[in-house]
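Shown next as structure tokens: one chain only, the form predicted on its own.
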Amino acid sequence: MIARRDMRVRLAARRELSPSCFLLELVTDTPFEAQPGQFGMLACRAGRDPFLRRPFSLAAVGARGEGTVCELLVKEVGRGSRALRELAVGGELQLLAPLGRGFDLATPEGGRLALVAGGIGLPPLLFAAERLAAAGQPFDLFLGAATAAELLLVERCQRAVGAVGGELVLATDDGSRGERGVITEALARRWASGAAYATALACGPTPMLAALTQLARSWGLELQLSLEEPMACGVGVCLGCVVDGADGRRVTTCKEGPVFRASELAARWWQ
């Protein structure tokens, strides 16, 4: 387990990605490493308003000099995310990271991965895609959104997929880019046409994850899900992110997840 640290971070850059989403590039003098699928709890501004930090999946983590640069993708939905959109470049915040359990990227030799991202669920899959590309591990990336404007970092996704000769599959609910319909339908069409995957990794809205779980069970496909549950603390104290496990236990997403194998979750995920 990689030890978490509470770090002072500086906003080095902010990039608008869509009408609702933006990317934050944060730098810190503290060296740290992380696995795709792990997350951080970020204070949204200096002081205590808003009081609670917000959880964000890590989209990238890498060394910069003696310190670290990390990227977060943020969707503006309320006061906290709005404060991050308004933060001046050079502004400082506090980040507790890395937290939780990430994806297991190991596959049988020659096995291919399917990465499935819905909307703002892209960050942990982008992190995984670039890690896999660097290792030469083959994968396909399925990226879905409501409209073309909400498909995030498509060129960067294409570079990662292209590095290993994979396919980037895009889908939008309204058909404005890529295939029309939800991204799980696009994956089902590839599977029906003979695509073979050793494992699937996914993050996105709960209905997407539930639909994907049902498909994976019918195919006998191993599936890892990064859950998007409300979190107030990120360290298992507040119990705001508890989910039901397949063994009847109630487990905290922030500590025992946010990545779970589908087989570890209660039946509501596939019923």
Partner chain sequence: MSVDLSVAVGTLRLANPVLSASGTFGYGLDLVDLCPPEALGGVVTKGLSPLPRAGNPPPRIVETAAGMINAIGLQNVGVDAFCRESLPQLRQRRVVVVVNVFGETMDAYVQVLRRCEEEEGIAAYELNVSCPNVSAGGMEFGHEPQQLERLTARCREATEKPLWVKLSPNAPDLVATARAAVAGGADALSLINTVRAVAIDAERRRPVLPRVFGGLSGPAIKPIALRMVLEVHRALPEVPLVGIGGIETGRDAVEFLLAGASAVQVGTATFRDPAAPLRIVRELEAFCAAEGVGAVQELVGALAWP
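Numbering follows the first chain given and starts at 1. No experiment lies behind these values; they were computed from the predicted model shown.
Note that the form predicted in complex with its partner chain isn't included here; everything after this is about it.
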{"query": "Answer option from Ala60, Leu221, Ala246, Cys238, heavy atom within 4.5 Å of its partner chain in the predicted complex", "finding": "Cys238"}
{"query": "In the predicted complex, the residue from Ala198, Val154, Leu96, Ala163 that sits within 4.5 Å of its partner chain by heavy atoms", "finding": "Leu96"}
{"query": "Heavy atom of Pro205 within 4.5 Å of its partner chain in the predicted complex", "finding": "no"}
{"query": "Contact label in the predicted complex: Arg250 to its partner chain, heavy atom within 4.5 Å", "finding": "yes"}
{"query": "Arg14 within 4.5 Å of its partner chain in the predicted complex, heavy atoms", "finding": "no"}
{"query": "Residue contact check: Leu227 to its partner chain in the predicted complex, 4.5 Å heavy atom", "finding": "no"}
{"query": "Pro31, Ala34 and Arg261 all contacting its partner chain in the predicted complex, non-hydrogen atom within 4.5 Å", "finding": "no"}
{"query": "Answer range among 209 to 217, 65 to 73, 41 to 49, 22 to 30 for contact with its partner chain, defined in the predicted complex as heavy atoms within 4.5 Å", "finding": "41 to 49"}
